[in-house]
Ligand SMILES: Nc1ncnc2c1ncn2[C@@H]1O[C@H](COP(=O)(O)OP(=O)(O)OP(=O)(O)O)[C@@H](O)[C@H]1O
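Take a look at this single chain, the form predicted alone, given in structure tokens.
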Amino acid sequence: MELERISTGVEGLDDMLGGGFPINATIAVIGPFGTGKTIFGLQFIYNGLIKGESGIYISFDEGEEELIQTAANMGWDFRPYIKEKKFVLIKLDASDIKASLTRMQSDLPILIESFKPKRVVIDPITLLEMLFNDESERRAQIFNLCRTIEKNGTTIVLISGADKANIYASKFGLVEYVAGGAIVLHHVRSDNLQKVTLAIEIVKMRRVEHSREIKPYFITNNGITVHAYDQIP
């Protein structure tokens, strides 16, 4: 049986994946600041909305108006979908993470069950992970959260900052193991340090035969575009 896919909405990335993300999977998108992680998440959600798929964006960082403006700068208007109740943007307070966690554990399962989103983005998952000092508890909480969302046929993107010492690892080295797929966004500097190229790599994608090459991408006024058939200069 052919694996059902869901388009990432990122030009060129679907080619690298052989058709898109596996449906009903959790994907970690890892990268340092300035690599367009939030734009990636918004682009993924918007691609679903224009196809009639409902979505939820959970933000621990930017507020609703900031995210809507970021999207508008790319030509993506989320307001009609909010009015039509096809899109929900949830801002959780990173300064009161315990209250935010309680809200996620009590309210989110109810929202997921009633709304039945096809796409969910959590941005950044790193701030949620910071609540837990114990690694086993951190793993259990993130795992249970993802499974609660996934059981409704939802595809999840977890956005994470990169570890300072290892660009291929998330801050706590956890989400890439909880997730079925991991994509790394990073900077590649030329030998003379005069040029910086944004690069994308699919580190892991269960059940999917995918490209293992590092490819350049660009952030334009229309979002992220991956040059899947080009080489890093």
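From 1 onward, residues are counted along the sequence shown. A quick note: this is a predicted structure, and the numbers were derived from the prediction, not measured.
Keep in mind that the form predicted together with this ligand is missing from the display, and what follows is about it.
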Candidate stretches 35-43, 199-207, 48-56, 171-179, one within 4.5 Å of this ligand in the model of the complex by heavy atom = 35-43
Looking at I112, M74, V88, A140, which has any heavy atom no more than 4.5 Å from this ligand in the model of the complex?
-> M74
Quick one: is E66 in contact with this ligand in the model of the complex, heavy atoms, 4.5 Å cut-off?
-> no
Is there any non-hydrogen atom of I23 lying within 4.5 Å of this ligand in the model of the complex?
-> no
For I219, is any heavy atom within 4.5 Å of this ligand in the model of the complex, or not?
-> yes
